[in-house]
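As a starting point, one isolated chain is supplied in structure tokens, in the form predicted alone.
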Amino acid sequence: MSVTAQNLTLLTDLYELTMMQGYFKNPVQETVIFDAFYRVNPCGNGFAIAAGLDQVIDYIKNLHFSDEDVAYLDSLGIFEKDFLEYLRGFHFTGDIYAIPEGTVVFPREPLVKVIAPIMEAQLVETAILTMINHQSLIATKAARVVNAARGDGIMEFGLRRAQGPDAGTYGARAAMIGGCIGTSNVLTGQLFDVPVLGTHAHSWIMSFPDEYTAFKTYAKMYPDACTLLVDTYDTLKSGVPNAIRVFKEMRKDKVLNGRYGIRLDSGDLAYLSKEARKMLDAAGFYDAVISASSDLDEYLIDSLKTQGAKITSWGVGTNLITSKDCPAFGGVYKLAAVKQGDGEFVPKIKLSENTEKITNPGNKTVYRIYEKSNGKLKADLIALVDDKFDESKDLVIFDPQETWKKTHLKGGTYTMKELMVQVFDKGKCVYTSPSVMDIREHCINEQATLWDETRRLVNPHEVYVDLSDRLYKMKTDLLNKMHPEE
């Protein structure tokens, strides 16, 4: 479900449209392949989480130029009448393949592959990138925060600090995919059927004559979900004692049945949580939850866990919804092959002085290799779509840059799974996105296939992403053709 049934056709860079007009005025009957991928894992992580595909699907389904769109483009004075008339009947007729949302992914792997007439494939570049880049970034950041919490629940509540309504809403969706247990964003809850959570603000406390009255009033209204914010005046001398007083009254009235506890939003969270835990336990409230907020991120949560903080529920806002330390995913969209008429696809390659910017040519897919004995991820293999593999036979994979680094897999000791699925077939959507909570479950299961060394926050182990023999030869032949020996 999308935020609205928006026509986002003009959500594109101007040069996509000027190139389209160039192709229109200089007809070339070409079908092309573009790959959307990224080059470096965000946030110093050992992996990324694919997200944003559902929004891409909505975008492609609604792709058309309205009369208002055409009139606006006409007003720019750079588009000719015959091209504008062509746009009036425009719709997407190509194929799209993608790695499903919630899947663990790695650099250089195609997350989305577009096979379409060149004008169509060119137009959709910008929108696909903005959707995949943003949600994959936030889902990856959320996974880091969730991993740092070591099993504690993470609530996303960064809407007010997000870069606008769409970023806050789709960012919260991505955070749920990455493993959060709920969001404060009610619109995200409505649109994507995910849990919404929250407590109250300091203003609630300050609007009453005293802290106790504020707590008491809130507890009467929400006895089954009573989390009291205890740091408005003095956490240990006022907030926690008043919360305990209210909890005792609730217990006496036999209404202390649901989730209850306190929230800390300032101060030394490690010290305050330990002292608050002692006070709550001494009063017999052993199951009272201590939650915390206050500009948290994965590093602070990890540090607080190491310090023995008695916090078991975490609210993370700004640093999650903005991915503050790594604000861009860096995904790109590159031409991989061209087919004229009914001929074969001709592979294309982009060269660069930077090795990591040299593209992988051809019509590709991605295979994941697992160790059969434990189900752990061994490596990924980018291959041509017509490559064939036999799991009963030995397989040798190698680093495409440092080719002497080889791994020998004996037949029968590994399994392989193709990651990409078809999403559009000749312009028709043939894929149904799972619910966000089902994608979240898939993401949790995906991360369970990773070794702990790949999931650590600092200096994670790199997962190998290799090329099949045929793809490596294709790439090498193209490079040699570009730079023949003197």
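A quick note: this is a predicted structure, and the numbers were derived from the prediction, not measured. The first residue of the shown sequence is 1; numbering continues from there.
The protein also exists as the form predicted together with another copy of the chain; that form is not presented, and the subsequent description refers to it.
- Proximity of H134 to another copy of the chain in the predicted complex: non-hydrogen atoms within 4.5 Å are present.
- Contact annotation: N242 falls outside 4.5 Å of another copy of the chain in the predicted complex, judged by heavy atom distances.
- Contact check for F34: a non-hydrogen atom falls within 4.5 Å of another copy of the chain in the predicted complex.
- Heavy atoms of P117 never reach within 4.5 Å of another copy of the chain in the predicted complex, leaving it off the interface.
- Stretch 213-221 is the answer when you ask which of 273-281, 393-401, 140-148, 213-221 has residues with heavy atoms within 4.5 Å of another copy of the chain in the predicted complex.
- Residue-level contacts in the predicted complex: of I321, M176, L228, I154, one residue has a heavy atom within 4.5 Å of another copy of the chain, and it is I321.
- The listed set K248, H200, K339, K376 contains one residue whose heavy atoms approach another copy of the chain in the predicted complex to within 4.5 Å, identified as H200.
- Annotated contacts: T169, G189 and F208 all touch another copy of the chain in the predicted complex [non-hydrogen atom within 4.5 angstroms].
- Of all the residues from 159-173, those having a non-hydrogen atom no more than 4.5 Å from another copy of the chain in the predicted complex are L159, R160, R161, A162, Q163, G164, P165, D166, A167, T169.
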